[in-house]
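Next comes just one chain, in C-alpha cells: the form predicted alone.
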C-alpha cells in the first residue's frame, strides 16, 4: 500500500521503518532537511523537505493516491490541518497524532468529525490504556473501549454457581443495550450465539455502556475485588490519562509529580486521586510515601532510566507489581530481569494501531481480540448500496460467526439489536471469526 508519513521525528521515523519492514511504499515529509537526510540514509523511502500543512507539499507527496496518510509532526494543529487537507485531496484514510487532551474531548468539540479525519491518535492516551489494561485485567483478554468511548467491552470470569449457568443465552433476558460478545472456555474462544450455554469457569465479555454493564454484573454474581492502591510516578499526559482510567473504580490512585504547577492541574482535574509533589529519583521519597504498601507501582515519567530505577527501588521496598513506560526498544531485554512485570512501549502501541488501518475496501481497522485467538475486532464503514443495508441485522447478509457489537451514527453510539438496520454513513464494530473475514467484506461492499 502507499503510505504518506508527515513528520520524520522519533515517532514518524519509527512508523516509516515499520512500514518498510512490511514492504509498503512509503513517502516521508518533514520541514527539517537534517531529518530528511537521516531518513534517506537509513530507510528505503521517498523523502521530501517541506511543510506538512502546505497544499503544494502534499501534492508533491502525492497524497491524493495514498491509502493512508499519517500526520505525526510535533505540533497538534499542524497534524489536524494536514490530515484534514490530505483527506480532502483524496487520501483514503488519514490519521493525526495529537498531544493535548482537548482535541480528543468530545464534550467540548468533535475535532475528528469536523475536520473529516479518520482517527485522532494520542500516543499518551494509548499508552495509558495499555497500562490500565494490564492493571485492571492482568493476563486477561484484550478489553477495549470503542465506538468513541460510549460503548465498552469488559471481561469477566464466572467463578460461582449461578442461575444463568446452563441456560441458553437467548433466555437470559439481558437488557437491550447489553450483550455477551465472546466466550472463552479452556483453550477455545468463540463468538457467543443465542443457543450457547455458560459454564462455571468460563470467561465472557460483556458489551454495552459502562452503567448498563454494572447492572448486569449482579446477574452473574460478579463482585468487585478489594480496592487496590496504585501509585503513579509521573504526572505528565500518560500519568494523567492513566489516573482518569483508574480513578473512581476499584483503585485508590496516588500521583507523584515534582512540578508544582502540574500538581495543581492534576489536583483540579482528578478529584478522586491524591496528588503529591515529590521527586521520585530519591529513595527516601519513595520510603516516605510508603511505596512498599502499593499493590501496583507505575513509572511513566518522560525518562526511561528514571522509570527503570524507580521500579527497581519500588520493588525492593515491597511494591507487589511494577509497571514502566519505556521508549527505547533496546531496553526490552533487561526489563524482566529487573523485576518489572510489564513495560509499555509507546512506539509499539502506535505501530499496532497504524497497522490496523492498513486495510482495503470498507474495513477501517482490524485488530485481534486476543493475541493468539481466532477472533478479530473490525471497524467497518457502511457504504451506500452495500448488501448489509438491505435488511435488519437479523436478516442481513452476515455470516453467523460474527456479532455487531456497536454502531456509531453521527454523534451517537449504541449496541444494536436484531431489529436495527444499518444506514450508509454508519460505522459498525464487529466481533468476527477470522475465517469469515472475506464474507463480511463482501456484505459491506457496494453492489
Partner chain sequence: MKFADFVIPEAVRTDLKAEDKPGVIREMVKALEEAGGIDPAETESIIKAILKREELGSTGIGRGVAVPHTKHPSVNRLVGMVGVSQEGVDFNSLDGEKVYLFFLLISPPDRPGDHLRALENISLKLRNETFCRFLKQSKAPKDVVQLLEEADNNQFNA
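In this text the structure is predicted, and so the values were computed from the model without any measurement. The term rigid core refers to the most C-alpha atoms you can superpose between the two forms while keeping them within 1.5 Å. Positions refer to the first chain, counted from 1.
As for the form predicted together with its partner chain, it is not shown, yet the points below apply to it.
Does its partner chain get within 4.5 angstroms of any non-hydrogen atom of residue 200 in the predicted complex? Answer no; every heavy atom of residue 200 is more than 4.5 Å from its partner chain in the predicted complex.
Going by a heavy atom distance of 4.5 Å, is residue 105 a contact of its partner chain in the predicted complex? Within the cut-off, so yes.
Is residue 113 a contact residue for its partner chain in the predicted complex, using a 4.5 Å heavy atom cut-off? Contact with its partner chain, yes.
Contact with its partner chain in the predicted complex for residue 170, defined as at least one heavy atom pair within 4.5 Å: yes or no? Taking the distances in the predicted complex, the answer for residue 170 is no, it never comes within 4.5 Å of its partner chain.
Options 289 to 297, 127 to 135, 333 to 341, 238 to 246; stretch whose heavy atom lies within 4.5 Å of its partner chain in the predicted complex: Only one stretch qualifies here: 238 to 246.
Non-hydrogen atom within 4.5 Å of its partner chain in the predicted complex for each of 101, 269 and 410: Contact check passed for all of 101, 269 and 410.
Counting only heavy atoms, which residues in 183 to 204 are within 4.5 Å of its partner chain in the predicted complex? Nothing in the stretch sits within 4.5 Å of the partner.
Verify the C-alpha shift of residue 353 between this form and the one not shown: is it 2 Å or more after superposing the core? The answer is no; the displacement is under 2 Å.
Compare the position of the CA of residue 9 between this form and the one not shown after a rigid core fit and state whether the shift reaches 2 Å. Result for residue 9: no, shift under 2 Å.
Does the distance between the two CA positions of residue 420 reach 2 Å or more between this form and the one not shown, the core being superposed? The answer is yes, as the C-alpha of residue 420 shifts between this form and the one not shown by 2 Å or more after core alignment.
Shift in CA distance, residue 107 and residue 274, in the predicted complex relative to the form shown here, given it is 3 Å or more: Relative to the displayed form, residue 107 and residue 274 move farther apart in the predicted complex - a change of at least 3 Å between their C-alphas.
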